[in-house]
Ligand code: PMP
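One chain is shown next in structure tokens, namely the form predicted on its own.
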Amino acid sequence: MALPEPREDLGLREGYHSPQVDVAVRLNTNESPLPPPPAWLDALRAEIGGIAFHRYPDRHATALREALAGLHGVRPSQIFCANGSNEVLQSLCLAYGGPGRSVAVFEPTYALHSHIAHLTGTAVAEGRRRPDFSLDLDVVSDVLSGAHPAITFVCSPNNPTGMAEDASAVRSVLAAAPGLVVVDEAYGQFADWSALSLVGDGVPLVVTRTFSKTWSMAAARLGYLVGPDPVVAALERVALPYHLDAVKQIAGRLAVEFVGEMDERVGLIVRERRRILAALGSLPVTAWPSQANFVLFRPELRKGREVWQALVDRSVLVRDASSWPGLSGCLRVTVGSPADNDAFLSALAEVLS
């Protein structure tokens, strides 16, 4: 007797993970530097006591979807919720991808777009961004006309580069795409513009969001999508029964009551992001503009991996992106608290001196 072998194509792919290193300053996973508001935690504790734990949760997450619909001015039938925005992406690939179909991505971009597509047996058609990491619409047109993808991914602000696509670029992609356009806005609250304004009945466009960043709820693993009713209905068919637990549904619904506190966090992060970019301008690095809660930069005098290790040696952890497509030598730093950012900038200046 022998254990069966997994799918052969899985052997070619590694999971998407961030190193978990014991350091004083963790700036590698784009989490919020602040915990949720104490009043939210008090309200959550109060409501958890009323959960009928011996019963399954609301399969349709009705109250959560109603709260999000009110936040975005859409119908609850236009909202799909899942365990983090990554499960939303997985559901999209299950519903619209699969064998014989493809997705389009434009590198460098979020690694899980391709990774999840591969895991669902969906082919991946890749195009390259310009040297400044903006979308090249001629390349987009070539990829879309050649591959006829069922899903076209646009990450805005783009992870790991930080650049947000403008409305005209998203409209151009939407006009050219033969299938569904997915605008991944995991960092959308930090940007100047959102594709949510383009969502509408009959428009083959969806926008994905997460509670992990601005809502300070990375531990809860909650994400959602805003799109046309038929897309949401298709995603509900591929979701596992009762996939969204009762605690998560309550946590998300209550969070929407704290928009003011969320906006304060966004304001702090945007100010700190500007401060980091200004400080990087005086160091021997190339840094790219960002509308997210992180900054991509490339040390000019030392290899990126060496700088990453030297920062870890000083108890500061950033993300090593130097081996990612199109990002040779690059590192990505999450915008943290003012104290965390001070520690990062001080350590980086010492490493590069």
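Residue positions are given as counts along the sequence shown, with the first one as 1. Please read these numbers as outputs of a predicted model, since none were measured by experiment.
This next part talks about the form predicted together with the named molecule, which is not shown.
- Task: Given the named molecule in the predicted complex, answer whether the residues Cys155, Tyr187 and Lys213 all have a heavy atom inside 4.5 Å of it.
- Result: So, yes: the whole triplet contacts the named molecule.
- Query: Which one of these stretches, 161-169, 79-87, 97-105, 228-236, sits within 4.5 Å of the named molecule in the predicted complex when only heavy atoms are counted?
  - Reply: It is the stretch 79-87.
- Considering the named molecule in the predicted complex, which of His118, His148, His72, Arg221 comes within 4.5 Å of it through any heavy atom? Only one option qualifies, and that one is Arg221.
- Task: Using a 4.5 Å heavy atom cut-off, state whether Phe133 contacts the named molecule in the predicted complex.
- Result: Residue-level check for Phe133: no, no contact with the named molecule.
- Query: Going through 325-353 from first to last, which residues have a non-hydrogen atom within 4.5 Å of the named molecule in the predicted complex?
  - Reply: Stretch hits: zero.
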